[in-house]
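A lone chain, given as structure tokens: the form predicted on its own.
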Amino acid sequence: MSLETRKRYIERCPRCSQCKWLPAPKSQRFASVCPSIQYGNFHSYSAGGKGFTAYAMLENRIGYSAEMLRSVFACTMCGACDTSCKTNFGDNIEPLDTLYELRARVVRDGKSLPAHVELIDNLRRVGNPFGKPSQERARWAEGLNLKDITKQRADVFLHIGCTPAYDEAEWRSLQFCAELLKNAKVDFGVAGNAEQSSGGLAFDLGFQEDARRLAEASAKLVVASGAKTLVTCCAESYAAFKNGFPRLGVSLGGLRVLHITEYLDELIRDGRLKPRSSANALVTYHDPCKLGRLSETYTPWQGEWRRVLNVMYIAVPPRPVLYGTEGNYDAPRRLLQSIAGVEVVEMERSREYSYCCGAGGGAKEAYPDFAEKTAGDRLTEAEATGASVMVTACATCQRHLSAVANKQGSKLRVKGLLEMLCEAVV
């Protein structure tokens, strides 16, 4: 798809501003669904506004400027605008697809932000956005004697992901996870230093060819392993495998794809794991964008739009529409509830309408003030629940929210779900 193919979708936007707000907010305080518009406070920062920017580009009515690029990239690509829009308009507009193609157009025109070019250079050089040596990716697993799935067959391919692999604060949770799988007698293996980015970040930044190259390399590694199930500890990779790969025309050969929270929950329900854990806390769960609404399986569509009754268009054949409702929402909550003494209280914006943490889509690297403001807004919402702990199943969310909470002096503790399980185990 290209930006030109999005023109008919942009033309259908009725400027209703639904992309900025929850369809049915519980309060005015937490009614916004779009971090970008809350930051820019001008229509061009909204999904609808970005669509008009794209349209103006197609009509050669606008050029590049610093403020225009800020309105495009001070955005986490969280997809909340898309979910809210579809509540009323189904697949007629689909603003997130336009945002993907708008960013790809900026890349093709050579106007990428320096911070994003640095991330891509790192991905090209060493297979991770941090610029860390590829031979250090498996340091977290030293001494664990895990099966190398590139050399030995295993039923389960355990994919780690860039942030968990390189963030030492995550290593204890990863090691704990590996021990849980061993205790459940799961036949699993890891790719170690051979693993690299799945391409999700590159796709969000608009570097679609780099994303395709990374996706193809990841798919080749996974398929060649002969594993039957792919389990990932990384929310960004989870979304890439299920939503990004099909967009790029990359196949995993029919492998079953699960997030680690889904797999652990499945092991518990099958009786292969019996949690003996205890804690005493009122917690609220933050739904990561990549684990929730952006993790639905994308199905490419080949068809045409036909005008009916001279006033409306219908897709022939019907298009699969992603409303955000089929993301991974229940498994993390069930895992939390498996910890004795834990009470879970929901934020006003949750599940498919969860508010983004601010760290995704290259926003934190390009506009750190925007990322911090967004995290601050989310922390305020979590504090309003009365919870003492905010839990999330995404290492990137946990890392960012925790840093901002510490900087702003919040009393709220931010923890990863695996970390919470690890600390609670007797």
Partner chain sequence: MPLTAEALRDLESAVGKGNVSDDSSTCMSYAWNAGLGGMPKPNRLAVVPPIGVVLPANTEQVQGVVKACLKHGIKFKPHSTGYGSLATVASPNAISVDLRRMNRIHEIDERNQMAVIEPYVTAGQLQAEAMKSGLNCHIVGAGLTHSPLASATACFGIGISGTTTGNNVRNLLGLEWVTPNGEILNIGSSGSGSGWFSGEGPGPGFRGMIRGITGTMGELGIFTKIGYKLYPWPGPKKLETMGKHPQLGMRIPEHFRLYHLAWQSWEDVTKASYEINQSGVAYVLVRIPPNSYGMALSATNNDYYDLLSQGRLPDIAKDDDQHRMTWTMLTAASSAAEARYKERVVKGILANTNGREIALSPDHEGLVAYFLVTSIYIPRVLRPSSAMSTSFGVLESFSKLPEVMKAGEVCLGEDIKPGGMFMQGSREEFWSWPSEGRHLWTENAFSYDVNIPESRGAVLRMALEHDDMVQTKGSLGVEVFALGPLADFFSSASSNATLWMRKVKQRFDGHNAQDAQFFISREAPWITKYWPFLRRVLFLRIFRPVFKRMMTHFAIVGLQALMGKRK
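All of these numbers come straight from a predicted model, not from anything done at the bench. Residue numbers count along the first chain shown, from 1.
The same protein has a further form, the form predicted in complex with the partner chain, not shown here; the description that follows concerns it.
In the predicted complex, the partner chain lies within 4.5 Å of some heavy atom of residue 56. Residue contact with the partner chain in the predicted complex: residue 67 places a heavy atom within 4.5 Å of it. Although the partner is absent from this view, residue 224 stays clear of the partner chain in the predicted complex, with no non-hydrogen atom inside 4.5 angstroms. Looking at residue 323, you'd find a heavy atom of it within 4.5 angstroms of the partner chain in the predicted complex. Only one segment in the set 79-87, 128-136, 275-283, 174-182 has residues whose heavy atoms sit within 4.5 Å of the partner chain in the predicted complex; it is 79-87.
Here the marked residues 13, 42 and 313 all reach the partner chain in the predicted complex, each with a heavy atom within 4.5 angstroms. Residues from 5-30 that approach the partner chain in the predicted complex with a non-hydrogen atom closer than or equal to 4.5 Å are 10, 11, 12, 13, 14, 15, 16, 17, 18, 20, 21, 23, 24, 25, 26, 27, 28, 29, in the order they occur in the chain.
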